[in-house]
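Just one chain follows, in the form predicted on its own, and it is written as structure tokens.
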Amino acid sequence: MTLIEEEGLQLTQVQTLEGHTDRVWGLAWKPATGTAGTPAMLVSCGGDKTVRIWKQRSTSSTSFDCLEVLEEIHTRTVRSCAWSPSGEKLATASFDATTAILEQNGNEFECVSTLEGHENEVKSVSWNASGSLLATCSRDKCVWIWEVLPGNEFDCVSVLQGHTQDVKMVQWHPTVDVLFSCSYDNTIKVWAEDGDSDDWRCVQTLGESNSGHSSTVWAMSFNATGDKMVTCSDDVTIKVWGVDIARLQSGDTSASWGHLCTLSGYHDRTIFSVHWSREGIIATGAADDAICLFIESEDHSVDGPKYKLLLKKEKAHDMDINSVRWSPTENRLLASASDDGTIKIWKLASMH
């Protein structure tokens, strides 16, 4: 874990990416880009039914150009996008009740598979660490797990029912095949495969009764080692959860997650997005148009880790911020997407 120099850091806007004609919902940086001579690639999706691919001009440049606009993939809002771990495939989830799988051929992207099954809007899509499983969730209250087969075939291996309302986001654990979902029903659910039956089941529900959120949970993210998870909510709080990672990685998928701390008073409207950088900085984006950055503070108390505000960027956008995403490389670039139709690229750097 790199020690973060806290003094004199500022979040500087380096570019505004314009082109979407409606709110921008989702963002995803392509893995293994932005380093070793490979320019960074970013995908965005939104209410204009398009998916846009943005590419950094060079690894030393902070300028991004729109490489391609994909307009024929979906017939309604594209809510979420995610690259497979290898970066070979891109999944997009839409209000048209489908999830599309795209592959890049040269500079062109083509749809190689369409996943159907949800009754209505698909809200989120996530690949597991090995790229062998895909999860989707929907307003139909269900979470689907798909097995990735050769020849761009996707086989639904489980339909998970347990949430009582719209499921906002699915996210796989970064190292173990355990799936997390969060919902309008105010809970986060943890799903794992039952070794005996090969079926998936809910192994834990994090709700208000165990220090969870009191309103819709919009998003979650894991730290690099996977022993902590951060969640954000309509209740305007951010919560950090922890697990015994050794137990989890030894195969005990029902190892329980416990509440470590709650951060409140930093945003005054719904927090829609949270993302933990590889070096340990938590970014949040909210309906108050602000971005906040948090880091773990040195003074640990008996109650466990504490987090403190590194900085707050007021008026980061003109409208609600729907997504914040750190670049996977160590360049400290942060992308944000908003109802104002723009994506902004920020750099966290020292003022000196």
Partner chain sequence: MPICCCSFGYLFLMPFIVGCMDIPDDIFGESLNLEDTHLNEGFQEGYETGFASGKDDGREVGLKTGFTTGEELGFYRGCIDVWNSVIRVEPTCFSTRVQKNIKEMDELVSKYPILEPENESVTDMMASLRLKFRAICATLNVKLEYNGYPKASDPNEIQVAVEDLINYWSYDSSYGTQQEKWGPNVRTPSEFAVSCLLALEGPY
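Residue numbers count along the first chain shown, from 1. This one's a predicted model, so the numbers in the text were calculated from it and none came from an experiment.
Same protein, other form: the form predicted together with the partner chain, not shown, and the subject of what follows.
The partner chain in the predicted complex is not approached by A100, whose heavy atoms all lie more than 4.5 angstroms from it.
Proximity of T284 to the partner chain in the predicted complex falls outside the 4.5 Å heavy atom cutoff. Under a 4.5 angstroms non-hydrogen atom cutoff, the partner chain in the predicted complex lacks W241 among its neighbouring residues. Taking non-hydrogen atoms only, D185 never approaches the partner chain to within 4.5 angstroms in the predicted complex. The listed set S250, S86, S264, S197 contains one residue whose heavy atoms approach the partner chain in the predicted complex to within 4.5 Å, identified as S197. Note on the partner interface in the predicted complex: the residue among E147, E108, D177, D227 having a heavy atom within 4.5 angstroms of the partner chain is E147. By the 4.5 Å heavy atom rule, the three marked residues G212, D235 and K344 all fail to count as contacting the partner chain in the predicted complex.
Residues within 4.5 angstroms of the partner chain in the predicted complex, judged by any non-hydrogen atom, belong to 117-125 and to none of the other stretches in 242-250, 256-264, 117-125, 275-283.
Applying a 4.5 Å heavy atom cutoff to the partner chain in the predicted complex picks out M319, D320, N322, D339 from 319-349, in order along the sequence.
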